[in-house]
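Taking the form predicted alone, here's one chain by itself in structure tokens.
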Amino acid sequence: MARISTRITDLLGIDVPIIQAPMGWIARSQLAAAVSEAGGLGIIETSSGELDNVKAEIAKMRDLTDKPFGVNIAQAFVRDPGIVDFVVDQGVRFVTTSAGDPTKYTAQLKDAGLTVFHVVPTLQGALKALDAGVDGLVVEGGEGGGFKNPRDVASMVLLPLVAQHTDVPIIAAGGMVDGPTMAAAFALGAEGVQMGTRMVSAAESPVHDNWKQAIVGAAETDTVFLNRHSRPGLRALRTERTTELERQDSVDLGEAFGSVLDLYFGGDLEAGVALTGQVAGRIDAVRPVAEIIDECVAGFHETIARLGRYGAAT
């Protein structure tokens, strides 16, 4: 696999700037270690709130890989006021913060010597994160799965806008699935990509095969945007449940998520909401993480080479 060298790889000590998204209950050692072993960066989630389990998963990571990995702090779901101390005590060196104010934890994390990226859905959010002192940004387009700004902006618009007004390394999220999308993200100003839905559907993902096969069988139109007129917005797989919720102006998240673990690990797609991005329409098979990353890197280099020919002298 050819290495891709950017400020992201230099900061994180990885071979290729492909980051796995920090999905609650999913982004644990089984998946994250596979990503790190393949040359990218696995991320362990904390949004589940199960910090004892998270601590155990971080310990498992060190048994499964000696490669770098990171942790996400999803601020809207933090139940432990000592979350920063918890993360620092685990000895990780890279943290993404999301779903909240970047001024809340950035200084404390930076003082502890960690590299911090904040997830942003708007230019205003990006500028606020820069003022807070982050090392970089995860710029997340509205086509991605999961929690979203109700006024969503697609990556094609958001990425170059943020890149135009900032000079820190950018990881592109939302719509990232393969080499061509990675090359497009780089053309728009990113130096790395984050993949969520592609990793949910990976062979090493711990979710039930029903969800993986639903992603494989989905069309590009088979996601819904919930809570368009409230907060937070959500992009999820289209099911009977989510199609009904889509019609509501305001969705109660507790009701919407329902028995989420029955969906994630029991395979009942109507038990909750399966957070899924529009790239589900481009995923045609469940593949091992190493294969996904290798094909992405090869496709990136092929795309760059093909585009380079358009500028060749005649």
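When you see a residue number, it is the position in the sequence shown, counting from 1. What you are looking at is a predicted structure, and each value in this text was computed from that prediction instead of being measured.
The form predicted in complex with a small molecule exists for this protein as well; it is not shown, and the discussion that follows is about that form.
The closest non-hydrogen atom of Leu275 lies within 4.5 Å of the small molecule in the predicted complex.
Contact annotation: Ser98 falls within 4.5 Å of the small molecule in the predicted complex, judged by heavy atom distances. Contact annotation for Gly192: none of its heavy atoms lies within 4.5 Å of the small molecule in the predicted complex.
Proximity of Phe69 to the small molecule in the predicted complex: non-hydrogen atoms within 4.5 Å are absent; the residue sits far from the partner. This chain is displayed without the small molecule, yet in the predicted complex the stretch 71-79 from 156-164, 240-248, 102-110, 71-79 comes within 4.5 Å of it by heavy atoms. The three residues Pro17, Gly42 and Ile292 each lack any heavy atom within 4.5 Å of the small molecule in the predicted complex.
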